[in-house]
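Quick heads-up: it's one chain on its own, the form predicted alone, in structure tokens.
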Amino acid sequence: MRIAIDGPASSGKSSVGRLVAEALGIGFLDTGLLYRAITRRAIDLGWFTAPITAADVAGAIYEQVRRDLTELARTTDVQGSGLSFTMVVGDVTLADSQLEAADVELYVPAVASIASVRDALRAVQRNVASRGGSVLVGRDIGTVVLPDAECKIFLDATAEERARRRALQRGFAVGSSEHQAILTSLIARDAEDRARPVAPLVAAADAITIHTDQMALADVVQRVMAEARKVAR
């Protein structure tokens, strides 16, 4: 069985997906890490010198950068299996801590908006899904990467709730300046993800949408498991 879980940033996709995969004994891949890996390498290679948006990177001035990023995407792969995958770009293996850095967070929306990058990474994602049962999480899994997935889930929550969760996860007090900065960032990321012309963030027509504002993580996992069991019968 292939389970596609999509949703906006900090909607709980990765946490839910990993727990579902563990419970079912199948593989798990957070596809967002592929885009983060490419972004990390581009930053380390000095390709970005100032913050950019998806609109910026689509312009003529970034044509060579788009080509270079696409070449990086073509050399990107995942190593490992099951619940443990490592991102590799060319001959460089990247640790999860490198992918979660603040500078990666700043640039990854623009990198993920490039059609040729997404095209190159789609093959990697489908390869993982073809290895047997799997849970893939991202923003276009049910609509583009695995449109024929047996089970499609779209996790959603208000930006306010997602910001609250992320703030607490990072050790910031609710209502703090850090919390407000997270909320502002999430709102901007949502707008960029939903408006991009390539693979925009949207629930697949046949996806089950789960609104998680008032739900505990364990309850969301159980709901996804129940939906997966329905199609496995």
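Keep in mind the model is a prediction, meaning the values are calculated, not measured. Residue numbers here begin at 1 and follow the sequence given.
There is also a form predicted together with cytidine-5'-monophosphate (C5P); it is not shown, and the following applies to it.
*Asks:* Select from the listed residues Val128, Ala73, Ala163, Val108 the one whose heavy atoms reach within 4.5 Å of cytidine-5'-monophosphate (C5P) in the model of the complex.
*Replies:* Spelling it out, the residue with a heavy atom inside the cut-off is Val108.
*Asks:* Just to confirm the contact call: exactly one of 187 to 195, 171 to 179, 44 to 52, 204 to 212 touches cytidine-5'-monophosphate (C5P) in the model of the complex at a 4.5 Å heavy atom cutoff, so which is it?
*Replies:* Result for this chain: 187 to 195.
*Asks:* Tell me whether Gly32, Ala112 and Gly138, taken together, all sit within 4.5 Å of cytidine-5'-monophosphate (C5P) in the model of the complex, counting heavy atoms only.
*Replies:* Yes, each of Gly32, Ala112 and Gly138 comes within 4.5 Å of cytidine-5'-monophosphate (C5P) in the model of the complex.
*Asks:* Does any part of Arg118 reach within 4.5 Å of cytidine-5'-monophosphate (C5P) in the model of the complex? Heavy atoms only, please.
*Replies:* Result yes; Arg118 sits at the interface with cytidine-5'-monophosphate (C5P) in the model of the complex.
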